[in-house]
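Encoded as structure tokens, the following chain is the form predicted alone, with no partner shown.
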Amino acid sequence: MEFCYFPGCTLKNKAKDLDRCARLCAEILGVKLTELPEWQCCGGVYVSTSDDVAVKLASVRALIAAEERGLPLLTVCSACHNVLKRTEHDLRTNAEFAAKVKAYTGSEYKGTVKVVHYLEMLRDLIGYEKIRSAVKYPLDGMKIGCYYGCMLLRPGRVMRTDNPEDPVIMEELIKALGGEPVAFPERSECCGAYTYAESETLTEKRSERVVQSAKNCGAEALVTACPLCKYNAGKYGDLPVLYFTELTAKAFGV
């Protein structure tokens, strides 16, 4: 099983553990991650204006590169996944945008690439039974709060990762690893994210609320797929915050 792999900028610096553990676990599960050569930043955040083509060109080029290789495009970072998947949706559904992209790049996207998040790959292609069989050190009922944040799930009609109001994709993984997932009210709410640029106080309040919500429901730690969520929840909360790939690697013994 092979994927074109788009790591993204943050996984090359502040979120190296998210990337490193993803690669280690993929190797154990028999998945080949072929990193796209000369990839560029996805843009960091999806720009909603349809006429703003230039900021989406890096994502467009990644999609075209994956299409040329005939492989699905795999991401791990929630933000990269959101930008790439929404850009791919634009290319297939917005003829004007697609025409502008072709004029900019000289290449035409044919709409054949499936953008897959690592969690989707584990659920839909690997399966939880195979994951259970790879576990060497079960989490022994450790109570884990699964924190989704905004970008992995929304907008639901485009992302289609899981039910945006009642997701279970991370909870099912935690169960397969031998842990006890803890549902809490703030698990799919924003951590404050980019509001930090204008108001650190707002980010602090939002992140504290998320962590406290998890604690109130009995969580001993938080797990996430988003580097920004991990940073904010870790800085302004008092629970350990891990990437889901770190927890998987721990259970796999790597």
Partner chain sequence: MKNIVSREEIIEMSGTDPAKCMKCGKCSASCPAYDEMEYPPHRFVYMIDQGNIGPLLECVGIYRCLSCYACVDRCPRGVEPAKLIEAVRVIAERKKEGNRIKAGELFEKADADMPSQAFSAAFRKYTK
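Here the structure is a predicted model, which is why all the values come from computation and not from measurement. Positions refer to the first chain, counted from 1.
The following text describes the form predicted together with its partner chain, which does not appear among the structures shown.
In the predicted bound form, every residue of the candidate spot (51, 79 and 150) has a heavy atom lying within 4.5 Å of its partner chain. With its partner chain omitted here, the record of contacts in the predicted bound form names 157 to 165 of 125 to 133, 157 to 165, 111 to 119, 67 to 75, defined by a heavy atom within 4.5 Å. The closest non-hydrogen atom of residue 195 lies within 4.5 Å of its partner chain in the predicted bound form. A residue is said to contact a partner when one of its heavy atoms sits within 4.5 Å of a partner heavy atom; residue 189 meets this definition for its partner chain in the predicted bound form. Among heavy atoms of residue 61, none comes within 4.5 Å of its partner chain in the predicted bound form.
Heavy atoms of residue 42 reach within 4.5 Å of its partner chain in the predicted bound form, making it an interface residue.
Contacts between 198 to 220 and its partner chain, taken as any heavy atom within 4.5 Å in the predicted bound form, involve 198, 199, 201, 202, 205, 206.
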